[in-house]
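In structure tokens, one chain follows: the form predicted alone.
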């Protein structure tokens, strides 16, 4: 939100006797200066005669990335694997760039601040957990999930209760809601760091007598300390819950989460370059993630024709590849003549099924098998791009 300061009124400006046309000016107070410059979009109205050039509206596209922790490390690793290495001159700085994408600024921020700044317009694109987008986005329609499954940062936001005491035989959200202990005077006490998603979830599930308190970190200790009956927190493996005698219950998962690419609808529609950069990032991400866990297999196979070889390959279900095998003749010289006795086949198979695929190739006459990793698999057009354009009405 823009901030306006009428400094003339603040100082009760009076004309100077020596200079009637120029208002009296005092040093700019530091406290007001901090407030006036706190936001890049703030506007300051200075007294006449003391007008300074304000910074022009930004033209660079801004991408927000997590600044610390495992999410930050995995985000940088994913971008590097997509040939989008983030270049940070000084690790203490919060701004960087990606040389492959011109006119892009990378800003390292706390995940919740990425979402807040996407909403305010200070960022255009961001990579954060879906749980963070849901909690701090609060259903804001300006936020668009461009890619919902970046395949890291997997966790779930879940309700957990003690294994002992009155909860010993409670194993579902329905059973928890039906417990007679919860009344208006003595509600179910839940502690969480998700003050938007937690209450919203339980209200939608029809739980009436519930009270929430907010806390950050070590929530698992709250029930044992007697300051809460249950918690709503992120769960990955569940080990921390088990070690603190807590359990998840049926129907108690608020949402499943992983890293997502999110953008501001307003920026995509109005700021020059945002849509184009988002398209390239999305294409690279999709192509790399599609290739993850896939390998290229090349082999030679004796045959009388490409059709005959194709028939033998397609008889094996694990050798069909993406759309089918690529088959090309292998030329060799016999008695001074160029002949075709073998055909080279190229297929893409899941890495987990590699050995099974090699055995099937051998069984139908394949030999000289070569295997290589895949970096990208580009489709004709990514479905997520078409979906994004549809959401934007383009």
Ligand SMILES: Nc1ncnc2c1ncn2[C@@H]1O[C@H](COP(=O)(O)OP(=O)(O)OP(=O)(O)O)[C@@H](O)[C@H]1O
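Note that this is a predicted model, so its numbers are computed, not measured. Positions refer to the first chain, counted from 1.
Just so it is clear, the following notes concern the form predicted together with the ligand, a form of the same protein that is not shown.
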Does residue 110 reach the ligand in the model of the complex, with heavy atoms at most 4.5 Å apart? yes
is_contact(residue 337, the ligand) in the model of the complex, heavy atom dist at most 4.5 Å: no
Contact test in the model of the complex: residue 329 vs the ligand, heavy atoms, 4.5 Å: no
With the partner left out of view, is residue 236 within 4.5 angstroms of the ligand in the model of the complex by any non-hydrogen atom? yes
Pick from 278, 134, 158, 257: which has a non-hydrogen atom within 4.5 Å of the ligand in the model of the complex? 257
Which one of 198, 126, 223, 129 is close to the ligand in the model of the complex, taking close to mean a heavy atom within 4.5 Å? 129
Segment assignment from 118-126, 303-311, 148-156, 176-184: heavy atom within 4.5 Å of the ligand in the model of the complex: 148-156
Within 363-394, the residues having any heavy atom within 4.5 Å of the ligand in the model of the complex are none
